[in-house]
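The chain that follows stands alone, in the form predicted alone, written as structure tokens.
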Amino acid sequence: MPRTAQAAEMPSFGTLDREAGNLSRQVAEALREAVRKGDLRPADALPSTRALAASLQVARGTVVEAYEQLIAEGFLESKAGAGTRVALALAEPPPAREPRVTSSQAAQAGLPERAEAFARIGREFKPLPPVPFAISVPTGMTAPDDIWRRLGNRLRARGPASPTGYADPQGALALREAIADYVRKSRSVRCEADQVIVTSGTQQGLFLASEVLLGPRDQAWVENPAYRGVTAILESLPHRDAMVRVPVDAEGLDVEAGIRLAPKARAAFVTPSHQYPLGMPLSMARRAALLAWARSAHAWVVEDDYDSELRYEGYPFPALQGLAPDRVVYLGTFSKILFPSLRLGYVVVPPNLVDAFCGARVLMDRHPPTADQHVLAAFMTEGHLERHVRKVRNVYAEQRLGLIETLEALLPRELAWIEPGDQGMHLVLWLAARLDDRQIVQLAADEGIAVRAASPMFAAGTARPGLILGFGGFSSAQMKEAARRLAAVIAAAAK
């Protein structure tokens, strides 16, 4: 078993008073104080006497004397070959951590209003545990572990293990070329590699679009209901009226309603292939109307094409971007179809927006991490992604059908029913109007079940109670057991 390298951190001493003399006593007292305050904790390694003496610019004998005194007192312990550490048995425990500041305390402390808004978002977007029904937890048959590891090892063997230097804010050219080729074939997107900007996922793409496209007094259409990731972005903007919630129906976004509400909006954030969270596609008539409005209003359409590969009945709808590449900003991601921790997505923008998006990207995080981009490019160009998508689609289709059948058998329709949809990695389970979906989310969490509430995705005054259930990456047995417990939670809440 390989030994783990452990480098002792140099403790902070402040300044020694050389005129007061007895430097070894001062060093010992400084170490005692560090232990009392918890800056040094039980089992923490200390620097060698030589290293600490050089840092403090004192004789090595001074530090040796201090260490020997603290070992005698029981503050420190020393073993041959293991160095000197804070004693496990007698060191005083660190002080209790101060309680976390609550929202009301933050307001009283004078935090900026936007800081509190971001704090609310941070609390809301905490990740769910990897248990049913968290969305996108690829494991087993749906995780590309072996191929990904083999490609990574091969690429590292050809060059530096850790790429150095700053990179292109657009992303690695090899990956942008692979993305451009992939979306042309699979989604009818019309673009070249120099229109592709690699992002850390759809969320960053949405944020970039809001930064680039919206001015201080501009408005944007957003579907109602909608993905909380986009509504949270627009809620956090300094101007209150930036977001205009536009209703959806069986045909998707109601374009006529959007024109009535905000005819001069600067952008429309939409999910035309698979409305989030309800699942219906935007009809061809609505697509034509949306693009006609965008052209006449000199507005932009931001197309979030999430889960487009996962259609279980018929063929996926082509991307909206292919109908108007000069007015559409197209967003895609690999996080869900591969694995969320990859944090790689992309934005395809019209040529005249490339520099603007790159500038915003530079101010945000300069460029995406480099190493995994080359692994992903090889994964795509060698055909692994297309094979992976086919495998995932087959697995998820079976899991989706099994979950639907299980829930329908367990839950009476007067309590809960499933929104029909034939695409993606989640289902919407609507709840009876008298039920509180946020309360059920908490009760389900107590039973080891991870779900999200649907009501926060609606505009104020229009909410419906429901639950978002992911079915990716869990076995049939796991989901059946989780569905049984969830049904029990819902039935108990109804009483």
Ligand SMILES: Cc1ncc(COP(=O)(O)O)c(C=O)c1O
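Being a predicted model, the structure only gives us computed values, none of them experimental. Residue numbers here begin at 1 and follow the sequence given.
Keep in mind that the form predicted in complex with this ligand is missing from the display, and what follows is about it.
- Looking at G201, you'd find a heavy atom of it within 4.5 angstroms of this ligand in the predicted bound form.
- Using a 4.5 angstroms limit between non-hydrogen atoms, R343 touches this ligand in the predicted bound form.
- In the predicted bound form, D304 approaches this ligand with a heavy atom inside 4.5 Å.
- In the predicted bound form, none of the heavy atoms of S186 sits within 4.5 Å of a heavy atom of this ligand.
- Site annotation in the predicted bound form: the residue of S283, Q219, N224, S335 reaching within 4.5 Å of this ligand with a heavy atom is S335.
- With the partner omitted from this view, the residue of F379, F133, Y276, Y330 that lies near this ligand in the predicted bound form is Y276 [heavy atom within 4.5 Å].
- This chain is displayed without this ligand, yet in the predicted bound form the stretch 201 to 209 from 399 to 407, 186 to 194, 364 to 372, 201 to 209 comes within 4.5 Å of it by heavy atoms.
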